[in-house]
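As a starting point, one isolated chain is supplied in structure tokens, in the form predicted on its own.
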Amino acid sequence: MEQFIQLLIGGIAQGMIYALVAFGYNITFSTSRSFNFSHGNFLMLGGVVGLILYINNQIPFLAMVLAVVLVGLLMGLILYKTSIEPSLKSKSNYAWILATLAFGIILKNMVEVFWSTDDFRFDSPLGNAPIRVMDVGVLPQEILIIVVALCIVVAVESFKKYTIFGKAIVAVSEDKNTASLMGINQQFVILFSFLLSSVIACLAGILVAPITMVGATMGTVLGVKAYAVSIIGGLESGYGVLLGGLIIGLSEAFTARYISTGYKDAPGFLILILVLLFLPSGIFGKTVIKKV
């Protein structure tokens, strides 16, 4: 039983990381119908900046978090101006795919050239000693990941539901043309969505860093799995990504333990295929009917 609970908590924590990154995909897709395919590298950048400031230069933790947020805002702005805005102006359905992929490759290469190609350990500010509860050891960082991920998703969803600007975001996601006629600046809303998703990705890098190694490639696999999570949960459902993250995270944890670590990725992507076959819009996705 203790081992089962251990796997359960570990799987939930890993799933919340996937959900947090996937939430960034959902935010940008809902407003611009585009993804940031360099999203995983934004997570990597958050981890690298956090490591340099907090571990290497002994900057206070909260000051480091603020610096990572500012980096996320800056990189989100650069991404939007160089990759998203030109694609939206040209009304291209595909240019943003190549543009964001290229942006991510450039970001990764810059980190490798100007920092390092190696992986480094990031010690958790909460310590690395597990908390023992009835013979079950739980890392404090895992608890922090679960709490922060839930708080961010709930906060953003509540913001969209109960604030005027949040409702403007929903309006743009529902119908851009109608939102513009109502006086909503859809370009600013789209920019805001990319800034928010970039900040969330960078914060996810800080969260995941203590339970993995920090390096230029740390966001690659996480970005791909988060994309699968967003598809499973539904591309416009904030709470759907939590369910999708739990499905992927738990399937990996139990497959690695009871079958083989070599097959831990298989169940999640099998579920993705089944969802695409039977629920193309995702578990909590919206089926849109276009009238001609």
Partner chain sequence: MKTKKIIYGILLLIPLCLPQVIDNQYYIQGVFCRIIIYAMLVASLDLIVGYIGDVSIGHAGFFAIGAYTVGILTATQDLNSDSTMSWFPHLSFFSALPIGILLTAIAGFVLGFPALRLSGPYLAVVTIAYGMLIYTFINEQEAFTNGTKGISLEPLQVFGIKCSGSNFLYVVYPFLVLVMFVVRNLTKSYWGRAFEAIKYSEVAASMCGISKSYYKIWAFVISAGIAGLAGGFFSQLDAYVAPNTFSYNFSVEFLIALIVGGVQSILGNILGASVMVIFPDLFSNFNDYRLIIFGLSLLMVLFFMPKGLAGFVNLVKKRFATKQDSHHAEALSKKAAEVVLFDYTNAKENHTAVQITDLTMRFGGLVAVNELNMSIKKGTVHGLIGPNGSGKSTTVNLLTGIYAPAGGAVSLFGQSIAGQSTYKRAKLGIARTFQNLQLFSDMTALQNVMVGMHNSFQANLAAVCFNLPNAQREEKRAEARAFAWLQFVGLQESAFTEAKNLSYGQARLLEIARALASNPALLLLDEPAAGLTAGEIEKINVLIRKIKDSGVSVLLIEHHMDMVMAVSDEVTVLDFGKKIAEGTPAQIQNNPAVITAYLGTHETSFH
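Just so it is clear, the structure is predicted and the values come from calculations on it, not from any experiment. Residue numbers count along the first chain shown, from 1.
FYI, the form predicted in complex with the partner chain isn't displayed, but the following is about it.
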Report summary line: Which of 93-101, 67-75, 193-201, 145-153 lies within 4.5 Å of the partner chain in the model of the complex, heavy atoms considered? The stretch 93-101
**Report entry** Contact flag, residue 60 vs the partner chain in the model of the complex, heavy atom cut 4.5 Å
**Finding:** no
Report task. State yes or no: in the model of the complex, is some non-hydrogen atom of residue 54 no more than 4.5 angstroms from a non-hydrogen atom of the partner chain? Result -> no
Query raised in the report: Quick one: is residue 125 in contact with the partner chain in the model of the complex, heavy atoms, 4.5 Å cut-off?
Result: no
Query raised in the report: Would residue 87 show up as a contact with the partner chain in the model of the complex if we use heavy atoms at 4.5 Å?
Result: yes
Report summary line: With the partner omitted here, the residue among 49, 231, 243, 250 that in the model of the complex has a heavy atom within 4.5 Å of the partner chain is 231
Query raised in the report: Which residues within 68-86 place at least one heavy atom within 4.5 Å of the partner chain in the model of the complex?
Result: 82, 83, 86
